[in-house]
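Shown below, as structure tokens, is a lone chain in the form predicted alone; questions about how it binds or moves come after it.
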């Protein structure tokens, strides 16, 4: 039957609801079918005994001005400004995340810190020539040892596959672009200018958050849609999309009571997982497309929400658990997201997150056993007092995360090419595009889809195409200042400058000098201490020769301290000179390329193409 709507939207998460909301601004109507009992998708908020829980925790942070405007337009003054604190639990200690040099140094100890420093220097001068997977990408930026400590265990717990099978593209989007040089600057020196431009000064340390969780946002959005005459139907699963090879004709909707209805419309927007979408198409795609579709994988997810009889536990919004002896991957403290998430201020609500596959041991456990497991692991990690957990609930989410392995990209390209033949079907959102979209990216894909239906021309797949998506602030840059990168169009002068700056990035001479100096100083200090502890006649004879080059140095306790500072100065000078030489060579190559680009932009052909500003 025809509902009279201009568009059928499959899925009531951020992308689907934003599509419908944006359509309304163009005078277009919609009907949204959501298979679950609530809107919001992974951004919904669940309740247990009056306590509210996120599915993973969702900060409201964006660089896109239009998304920020939508949030305020929909929810108004119900947003809170919240401080961000997240840490890593490793070997019984807490480490700041993003990583901070002094915090990591003090927590890991001097010997491990030296190993990390040497590993980083090796990666700086002898990086992996290719970056096809997560392990290569992280090791090139942080060193192999830091990768093994702070990335490998947790990442493999999340995805259930080895790090060398995870796409480097995912790493570039999800990990802050902080190498140890930049971290040293951030920790010790603050903002500095590089090439006349302000470098990164801080990471985003505050974020917006709805008073009663992200579900409050999407329920408000659904209410506004209904008030405007649109339909948002819960418990309505789209099981079939009938098409004629060129256009989708109708969607078959199955409700919880078993009743089915076929709904026709001029346009269709899907947020359902790509694999489910292709299996719902009638007639089915060609065999080779089905084979590509079967290569797409997903990671399922469950949250064990527990109520703890304690007013304060830890200050973090969330903690990453890098302990291999427990199964929990991350722990949310919802009271620290918003005080209103907890009805009783004398108690605390935690969410223990487990990354699973549907049907595996954890997924199949009863709710009671999962609550018991979560309680035991909290106590084992010494995060809650023994016997303080008063009860809990379990939330299961199928296909929570598309898997970004080493085969997904090729498979997705083949699927996209075939789906492009269905001219009135658009895919948006994280699962809809099998892409690790943030919430704002998912919303922008829905905005573009709606505008396409209204007659504009946008590529929904161009949202979030930048290789790196960061949470950095630069001097003079507002929260939405870089949002134009999400909008398809020709390359602007600023975008070209960003590309050139990234391609010909300079070594920070001061930071590399400090890094080399500290490592060299520590190495000499340790070598001297080891010889002193070993003792014996003639001990340290060869090492003491360094006294000819380092005035005042000797194999003695006082000499160890003197040697540390003098060796650090020598190391600093070497690191500074090496980075200076590299920067000279890189600068020369950049100038050569700029000369070639200037000549090309002045040519008649380039002007005819519209390449000039």
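Positions refer to the first chain, counted from 1. Owing to the predicted nature of the structure, the values given are computational and were not obtained by experimental measurement.
One more form of this protein should be noted, the form predicted in complex with a small molecule, which is absent from this view; the next part is about it.
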| message | I'd like to know if residue 292 sits close to the small molecule in the predicted bound form, meaning any non-hydrogen atom pair within 4.5 angstroms. | response | no
| task | With heavy atoms only and a cut-off of 4.5 Å, decide whether residue 57 touches the small molecule in the predicted bound form. | result | yes
| said: Can you tell me whether residue 272 touches the small molecule? I mean in the predicted bound form, with a 4.5 angstroms heavy atom cut-off. | reply: yes
| message | If we define contact as a non-hydrogen atom of the residue within 4.5 angstroms of the partner, is residue 563 a contact of the small molecule in the predicted bound form? | response | no
| query | Among 125-133, 231-239, 139-147, 362-370, which stretch has residues whose heavy atoms lie within 4.5 Å of the small molecule in the predicted bound form? | reply | 231-239
| request: Would you kindly say which of 313, 307, 400, 425 lies with a heavy atom within 4.5 Å of the small molecule in the predicted bound form? | output: 400
| Taking 11, 35 and 301 as the candidate spot, are all three within 4.5 angstroms of the small molecule in the predicted bound form by heavy atoms? | yes
